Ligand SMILES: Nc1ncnc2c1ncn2[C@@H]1O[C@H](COP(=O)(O)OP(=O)(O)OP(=O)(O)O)[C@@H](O)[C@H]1O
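Just the one chain here, laid out as structure tokens, in the form predicted alone.
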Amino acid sequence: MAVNFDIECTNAGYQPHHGHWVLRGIHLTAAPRERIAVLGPNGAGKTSLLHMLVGIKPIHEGQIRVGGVDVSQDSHIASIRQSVGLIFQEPDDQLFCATVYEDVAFGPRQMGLSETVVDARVRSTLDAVGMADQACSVSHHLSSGQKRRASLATVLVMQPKILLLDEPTNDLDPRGRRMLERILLDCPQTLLIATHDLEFVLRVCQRAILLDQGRLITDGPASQILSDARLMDEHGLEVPGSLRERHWPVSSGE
């Protein structure tokens, strides 16, 4: 039986400067509701991959289809962005209105929804991300963690089919990370999460891909990839502490 993938990358590449490929030969599929971590050292191409999926960065070779739609066709970008939500690495890139409520309401209003529907969506989404009590707050006066949750709300309120998250745990304290984990584990969307937070990956993602120097190195179960000490070391990463403890318990001294 054929699988209808939410994301399909076939030999996809991005070359912003002549002779320098930021990404090349990327083959990737994501089935509905998969939660996939995008791993790699700085400069591996993680953010560029997310941006290619929504047409922010062009495709210079190969093909990317999102929801069965070819991303390389400019006429398709608007429809793709209605079904894909991108959470930027910097929350301030998504918060530009007078209050948190107005920021979250902006997208649904652009869709032409009635104010009654907009209000219901905004309030339920703010409640889901633990920001209901900050609806009237000025977005740029929030803490870093609150800004992250507010920026997530601006995307979740649009009810996208696919969520792309770029370093979503930056600036979050342990409580904030746990809250984000709960939110994402409850999400019905397909998730692609670019992150350096490997413990977060173990708790949220079933699968991981590893990028380095613009190439896809491996693709498989997240715990299997993250527990491969040689693989991780070769690509500038480390086995998460929880996996090291599992395989090499600390001696009690007895």
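This is a predicted model, so every value here is computed, not measured. Numbering starts at 1 and follows the sequence shown.
The same protein also exists as the form predicted in complex with this ligand; that form is not shown, yet it is the one meant from here on.
- Remark: of stretches 29-37, 43-51, 224-232, 61-69, the one touching this ligand in the predicted complex is 43-51 (heavy atom within 4.5 Å).
- Among heavy atoms of residue 16, some come within 4.5 Å of this ligand in the predicted complex.
- Mapping the unseen interface onto this chain, residue 167 counts among the residues with a heavy atom inside 4.5 Å of this ligand in the predicted complex.
- In the predicted complex, this ligand sits within 4.5 Å of a heavy atom of residue 89.
- Using a 4.5 Å cutoff between non-hydrogen atoms, residue 207 does not count as a contact of this ligand in the predicted complex.
- Taken together, the three residues 81, 129 and 161 lack any non-hydrogen atom within 4.5 angstroms of this ligand in the predicted complex.
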